[in-house]
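Take a look at this one chain, the form predicted on its own, written out in structure tokens.
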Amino acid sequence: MSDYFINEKDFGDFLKRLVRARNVLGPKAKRGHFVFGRIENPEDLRLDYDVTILPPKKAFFPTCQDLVRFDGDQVSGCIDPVDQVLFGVHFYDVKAIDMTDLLFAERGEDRNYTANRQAATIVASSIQSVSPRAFWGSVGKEVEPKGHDAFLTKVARGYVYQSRTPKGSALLELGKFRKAEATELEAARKADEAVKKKCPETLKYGAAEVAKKVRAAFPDEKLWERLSERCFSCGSCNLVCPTCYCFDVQDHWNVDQRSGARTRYWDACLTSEFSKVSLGAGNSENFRESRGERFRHRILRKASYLNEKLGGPACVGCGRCAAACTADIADPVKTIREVMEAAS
């Protein structure tokens, strides 16, 4: 790792050169919220954002993605990696990308994901504004983000740029960087640590304790039915989650009935259709028919099932699910607190 510094007055010129040289995706304002989108004008980049509506995983795992196209007997793959720079990714979203990197690579690599991921450069950035439902300061503290190529921290009079990989170092040639001084590095460290204490929500239990007690609560059907009684089964909590990776696959035929495409879409385990399977002859079975069963499955996937594989919970504390839930019941902090209290 190499540590550099760039003055505030030179940072704008760096961004101008970056967007001219590379395809840059970053946080930008949209109707009072923030989204990751193409940055063509450096003034559109909002490093002071709190959280984006959808996570940056969409750059590698789009909401709608063609897998193959076919025309009669001819079938062609759709893998077409895009060289892009994700600029301004918060550390909790880097942790989420680390998880999806692992899950899409194991037991048969998903090249539709990994090709895009490997072609990308990720520049993470310090958090300047904290979202109202965030709790990333207290969840999964045992897991460090590692999938970024550089980390940018705003300090007095400029930014500290910590390069972690050759990809991150390659961007240095676009700006007037110099070696960072010890005082600047210490200021960056303090800024990144201090912001973790500003989350409005706090998970007051350790990951191992949560995993054990939440899993032990599996048979308590009355508890899960009560927690989910206002659930609309809309799946919003799944669709904004940075660590959800389920998808549905559909074939679409053109009017010639010879050609078309096999396409995948983000899917949501909270919807009633997700767990419905065909038994043939027009019959079907839903193995998570009740809202309580589906709600329970989501919480256990985030807090228990994947902990051993991931080294911590499959939740990074971004708060997107809580913000997206119309019924205001998806917040993992509140749900886990109730489960833990019920287990006491």
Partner chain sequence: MKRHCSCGVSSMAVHGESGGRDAGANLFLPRKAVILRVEQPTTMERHFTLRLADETPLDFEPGQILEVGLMGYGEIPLGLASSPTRRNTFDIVVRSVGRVSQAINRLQPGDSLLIRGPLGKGFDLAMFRGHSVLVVAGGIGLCPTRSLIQYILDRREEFQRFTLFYGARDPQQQLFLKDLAEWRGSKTVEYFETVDKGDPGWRGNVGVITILFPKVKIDPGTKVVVCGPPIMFKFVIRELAKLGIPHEDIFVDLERRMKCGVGKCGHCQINDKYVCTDGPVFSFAEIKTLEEAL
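Positions refer to the first chain, counted from 1. Because the structure is predicted, anything quoted here is derived from the model rather than measured. C-alpha atoms forming the largest set that superposes within 1.5 Å between two forms make up the rigid core.
The form predicted in complex with its partner chain is left out here; the points below concern that form.
- Shown without its partner, this chain lists L103, V143, L223, L172 as candidates; in the model of the complex, only L103 has a non-hydrogen atom within 4.5 angstroms of its partner chain.
- The closest heavy atom approach of E193 to its partner chain in the model of the complex falls outside 4.5 Å.
- In the model of the complex, at least one heavy atom of T63 sits within 4.5 Å of its partner chain.
- Within this chain, D248 lines the site of its partner chain in the model of the complex, having a heavy atom no more than 4.5 Å away.
- When contacts are judged by a 4.5 Å heavy atom cut-off, L25 counts as touching its partner chain in the model of the complex.
- Not one of R46, T165 and A208 comes within 4.5 Å of its partner chain in the model of the complex, counting any heavy atom.
- Contact with its partner chain in the model of the complex, defined as any heavy atom within 4.5 Å, is confined among 149 to 157, 251 to 259, 176 to 184, 91 to 99 to 251 to 259.
- Along 50 to 70, residues K58, A59, P62, T63, C64, Q65, D66, L67, V68, R69, F70 each place a heavy atom within 4.5 Å of its partner chain in the model of the complex.
- Once the rigid core is overlaid between this form and the one not shown, C64 does not reach a Cα shift of 2 Å, moving by less than that.
- Once the rigid core is overlaid between this form and the one not shown, N41 does not reach a Cα shift of 2 Å, moving by less than that.
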